[in-house]
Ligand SMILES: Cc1cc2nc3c(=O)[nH]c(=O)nc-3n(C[C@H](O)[C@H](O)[C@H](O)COP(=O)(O)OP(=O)(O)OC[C@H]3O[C@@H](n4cnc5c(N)ncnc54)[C@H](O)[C@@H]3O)c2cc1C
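One chain comes next, on its own, written out as structure tokens in the form predicted on its own.
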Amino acid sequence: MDPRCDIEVLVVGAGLAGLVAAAVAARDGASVVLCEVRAAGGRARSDTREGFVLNQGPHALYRAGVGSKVLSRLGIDFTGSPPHRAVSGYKEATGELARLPTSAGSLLRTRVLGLSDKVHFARLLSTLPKREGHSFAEMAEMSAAEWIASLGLSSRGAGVVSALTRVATYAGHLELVSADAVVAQLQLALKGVIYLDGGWQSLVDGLEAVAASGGAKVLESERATALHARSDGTFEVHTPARTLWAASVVVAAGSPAAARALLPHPPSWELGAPATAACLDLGLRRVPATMVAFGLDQPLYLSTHSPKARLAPPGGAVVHVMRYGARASAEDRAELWALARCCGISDADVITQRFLHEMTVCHALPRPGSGLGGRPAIDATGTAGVFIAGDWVGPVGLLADASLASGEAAGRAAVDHAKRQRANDSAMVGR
């Protein structure tokens, strides 16, 4: 091995996946260097404006999700609160708001559904938590839209399930996401989510601290421009400022295109469509009259994250208004403001605001026909010793859960490869 190769694990990208990979590898005792592609945290970063903590769109952590388990294993503490229980359904065509069923109790009270739909919906709530194993494999073959159509609901009932599904998956076009991923997300949603005190920046800060405590070195604002495999089994990584040599590499650069551009032998992954969103982040001087609303005839969502979580000054509120599937900026902004006003928010209520026109919330959704199991594995890089991580990688989780799970798995695999590389070199020297 080249004597210059004193890096055991080099991580490219400092989003959630990259931060977890670096933290895991550093805690395992490996020498780690982290190259930032952009600012640490990626879409998990939070901004503070006028005393309001704004995540980049609405973020919730699934209590029973794999991401929570990964954070726990790393010793990262977080606090937060569950969302408001009262949810309204919003029809853009009429400006109507009505109570939606999200539990057995609200199902009895809702006027959105007729008796037949209530019976079907009750059956769904009772059977959904029990789906597992072979049934998931079967569901991977169909799209979320096909699964919803199979439930026997009226168009109005299907609209309610579609709204709940969009919120759980961030997918605006349900024909493009596999049903197994959707059902898994809805199962997690039934077990509860929390809005994090201090925003998701608290997780970013925690992951950075764990990586730093293990000795990981961060090359701020340095972007990896090339990755080459060397004849001795190590890797050469170039940035605009330097050349680095590493025993193993984790590419967590964000998008599949960014990963392919770095890999020595770019594989031909079969990937699903990306999911995008337009979002209006609001810091308000008061809590709105309607705190949560799901779009029934359009893929819209409004949620009040504070005062449930600690994100706003006393008396204030943080509200996120989102459209799943971004379109033209002016069109989306007007639509989001129409929903906000229907929920009782006026211009006079706004202390600070930010409009995010086209966010990529998932770089590749699980495809109908292959599902979660059809996503690229962490070692599907075409080069031994190089691993990938991100929200489009691995058979476990969706959105942030997928990033955290694949980041953990890639970090561990990179450490194992580096140790084997070191052991092989020692054995060769001893001969």
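Position 1 is the first residue in the sequence shown; the rest follow in order. All values derive from a computational prediction rather than experimental measurement.
A second form of this protein, the form predicted in complex with this ligand, is not displayed here; the remarks below concern that form.
Which residue, Ser346, Thr127, Thr360, Ser329, has a heavy atom that falls within 4.5 Å of this ligand in the model of the complex?
After the contact test, the surviving option is Thr360.
Considering non-hydrogen atoms and a 4.5 Å limit, which listed residue (Val292, Ala338, Leu176, Leu262) is close to this ligand in the model of the complex?
Among Val292, Ala338, Leu176, Leu262, a heavy atom within 4.5 Å of this ligand in the model of the complex occurs only for Leu262.
Tell me, please, which stretch of 306 to 314, 157 to 165, 85 to 93, 219 to 227 lies within 4.5 angstroms of this ligand in the model of the complex when heavy atoms are compared?
Heavy-atom contact with the partner occurs in 219 to 227.
Report whether the minimum heavy atom distance between Cys279 and this ligand in the model of the complex is within 4.5 Å.
Cys279 belongs to the contact set for this ligand.
Taking heavy atoms only, is Pro366 within 4.5 angstroms of this ligand in the model of the complex?
Answer no; every heavy atom of Pro366 is more than 4.5 Å from this ligand in the model of the complex.
Considering only heavy atoms, tell me if Tyr62 and this ligand come within 4.5 Å of each other in the model of the complex.
Judged by the heavy-atom cut-off of 4.5 Å, Tyr62 is in contact with this ligand in the model of the complex.
Tell me, yes or no, whether Arg27 is in contact with this ligand in the model of the complex, where a contact means a heavy atom of each within 4.5 Å.
Contact with this ligand, no.
Using a 4.5 Å heavy atom cutoff, which residues in 384 to 412 contact this ligand in the model of the complex? It's fine if the answer is none.
Gly390, Asp391, Leu399, Ala400, Asp401, Ser403 sit within 4.5 Å of the partner.
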